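Let's start with one chain on its own, the form predicted on its own, as structure tokens.
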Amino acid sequence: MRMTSELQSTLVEAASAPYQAADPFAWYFARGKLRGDPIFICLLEQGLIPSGARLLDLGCGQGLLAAWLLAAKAHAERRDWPTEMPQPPALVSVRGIELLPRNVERARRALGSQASFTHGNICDTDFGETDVIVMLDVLHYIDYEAQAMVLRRIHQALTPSGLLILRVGDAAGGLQFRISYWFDRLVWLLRGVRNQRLYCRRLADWQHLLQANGFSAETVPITRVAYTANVLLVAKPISVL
């Protein structure tokens, strides 16, 4: 079942409201991102994150995934949730690691003790042990060698039955990929970073990279979007490194 626009609007408002305690930009950004990026709806509609999991969000920004999942679970507990949709996950814990300190501060001020956020680089910050790792539009910001290293670190952090949920851009995606590429460059320019190189791959190469680092991956359709070449991959550890 597709989420209704009414339910989406309710969740967007509930998930973005805590960011008013951070600063006006954080609140406006949360509302725009949660409403405009289909990944948040997709995760709920397809029930990709299991209940009872410890979740780690790598490159978590200002913690919007945590805010979204917490808002969805709270809504389901207070009111009827559509029976045709999977129940929002009841998570044991939610953690995030983020490179930009301002985003970490925004996440902490908005969500308080409901989730924990660490300022650090995903290339060397301790992941601990976890059940689900989510990494959305992050890997292409680190070089090719570091991409493989981070995937090995993820493999070590996940439990044997764990999941990696990964969104990447498909460099073979033609015009849609070029739109995504230049949008990413614009975002970094607005953040004051002028020389941020992007390390992109074709979908087949992302899948090969995952396999080479101990994962079996399948693509999951991202509904409601037609203007980017983003691909959602759900990967499971299948071998010991």
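Numbering starts at 1 and runs along the sequence shown. From a predicted model like this one, the values you see are computed outputs, not experimental measurements.
One more form of this protein should be noted, the form predicted in complex with a small molecule, which is absent from this view; the next part is about it.
- Distance criterion of 4.5 Å from any heavy atom to the small molecule in the predicted bound form singles out L136 from the list A72, I154, A115, L136.
- Checked against the small molecule in the predicted bound form, the residues P50, G214, P38, G59 give one hit for a heavy atom within 4.5 Å, which is G59.
- For the marked spot (W206, T219 and L232), a heavy atom within 4.5 Å of the small molecule in the predicted bound form is absent from each of the three residues.
- Residue contact check for Y141: one or more of its heavy atoms lie within 4.5 Å of the small molecule in the predicted bound form.
- At least one heavy atom of K33 is located within 4.5 Å of the small molecule in the predicted bound form.
- Although the partner is absent from this view, P82 stays clear of the small molecule in the predicted bound form, with no non-hydrogen atom inside 4.5 angstroms.
- Within 4.5 Å of some heavy atom of the small molecule in the predicted bound form lies at least one heavy atom of G120.
- Stretch-level contact analysis of 72-80, 154-162, 100-108, 85-93 against the small molecule in the predicted bound form, using heavy atoms and a 4.5 Å limit, identifies 100-108.
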